[in-house]
Structure formats: structure tokens, C-alpha cells
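In C-alpha cells, one chain follows: the form predicted on its own.
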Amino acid sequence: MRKKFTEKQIYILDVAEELIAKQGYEGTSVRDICSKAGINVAMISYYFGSKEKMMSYLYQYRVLKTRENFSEFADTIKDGKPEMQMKEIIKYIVGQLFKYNYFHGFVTQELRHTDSVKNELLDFYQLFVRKLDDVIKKGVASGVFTFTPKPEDVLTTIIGSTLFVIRNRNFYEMYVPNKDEETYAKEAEKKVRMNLLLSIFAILGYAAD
């Protein structure tokens, strides 16, 4: 990971993320974070400025870590067939959005558009677009894919569909069989992933043998 955070900041951010994942943003206080991290409350101000600013740091940190993980993931599938790579990329993106779905409870439009976070997201999205473009072109060249949709449109479809489900559980859970808290996310993620596979492969003109 690029050197953007000190070891102490990373430690505090990891603790904060763990608590927020369990308790939610509103249910996690600065004192909770400090108690778990074994630090003084003043350290949050010293390292981040405020709880709100710490969230901006945390979002940026998560984007950086996920970007690093995706680069490693992309390297592991680079020799696979285009259809396999596309399937794995869809699975990866959907999985990451569901895994870190708690971010959508506190990441406001204002926070997402601060310069630091905005730039990190832009670089991150472009990384996905370049990989999708590479897979689409290889698929067309090999005759596996018939059509060449724009990679940015494919990414928009994947992220947009997944975020809609995450943000509208009261609607989507009507169509998911297992509705208890423990299994809902797993079943919803599976349903979204399967729908995206059908949609994306359709616009690529791919038909399995």
C-alpha cells in the first residue's frame, strides 16, 4: 500500500472499522474506539481531527487497501479465459461491496467528494475499467464475446445494481427467501451476482457451450 498513513493511524482505523462493522456508525462512539484501541480520546483529535474526519480517512484507507487487493486478485486470474475473468471480476466487485456495506450508512455525498477521497475513488474506478477493457477486448479477439460494450458502462452496471440492493433492503428482501439477519446478505449477494452474470454476459453476446 502506498505510504499515506502512519502505523498508529492504521491501527486506530482498523479498530474503528471493526467496531463500525459490528455496531454501525451511529452506534460507535469515539470512546468505544479509544477503549478498544487502548488510547486516549485526545489521540483521535491528534491523528485525525474529529470522528467525522476519521471516517474520511477510513474510507480513503479502505479504498487504498481494496485497490491493492484487486491488483493482486487481477494478477491471479490474468491467464484465465476471458469469460472466467469476467465472472471472477463480477464476483469480486459484488463481494467487496457487500462485505463493506456498512460504509454506505455514513459515507455522504459531501464526504465522497472531498478531494482526497474523490481522487482515490477516481483512480480506483479507472483501475477496474482498464481491467474490464482488457478482458472484453481479449474475449472479442478470441471470438468468445460478440459485442464490445464500453467497460465504464459495465462497471456502472455492476456497482449500480449492487448498491441499489444494499441501500434498499426493505424492497429487495421481499424477493430473497432467507430473510433473517444471518443469511439475508449472503442470499442477496448471490442473487445480485447471478443477475449480473446474466446481464453482463448478454450484453457481451456470450453464450455458454
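Start at 1 and count along the sequence shown; that's the residue number. From a predicted model like this one, the values you see are computed outputs, not experimental measurements. The term rigid core refers to the maximal set of C-alpha atoms that superpose within 1.5 Å between the two forms.
Another form exists, predicted in complex with the DNA; not displayed. Remarks below refer to it.
None of Q60, T157, T28, T66 but one reaches within 4.5 angstroms of the DNA in the predicted bound form through a heavy atom, and that residue is T28. Proximity to the DNA in the predicted bound form, defined as a heavy atom within 4.5 Å, singles out one entry of N40, N168, T148, S142, which is N40. This chain is displayed without the DNA, yet in the predicted bound form the stretch 50-58 from 66-74, 158-166, 50-58, 180-188 comes within 4.5 Å of it by heavy atoms. For Y175, no non-hydrogen atom is located within 4.5 Å of the DNA in the predicted bound form, even though that partner is not displayed. S35 falls outside the set of residues with a heavy atom inside 4.5 Å of the DNA in the predicted bound form. Taking 2 Å as the criterion, F201 does not count as shifted between this form and the one not shown: its C-alpha moves by less than this amount when the rigid core is aligned. Here G38 counts as shifted, since its C-alpha moves by at least 2 Å between this form and the one not shown after the core is aligned. Annotation for the pair F171/Q23: C-alpha atoms approach each other in the predicted bound form, by 3 Å or more compared with this form. Shown here is a form in which the CA atoms of R167 and Q23 lie at least 3 Å farther apart than they do in the predicted bound form.
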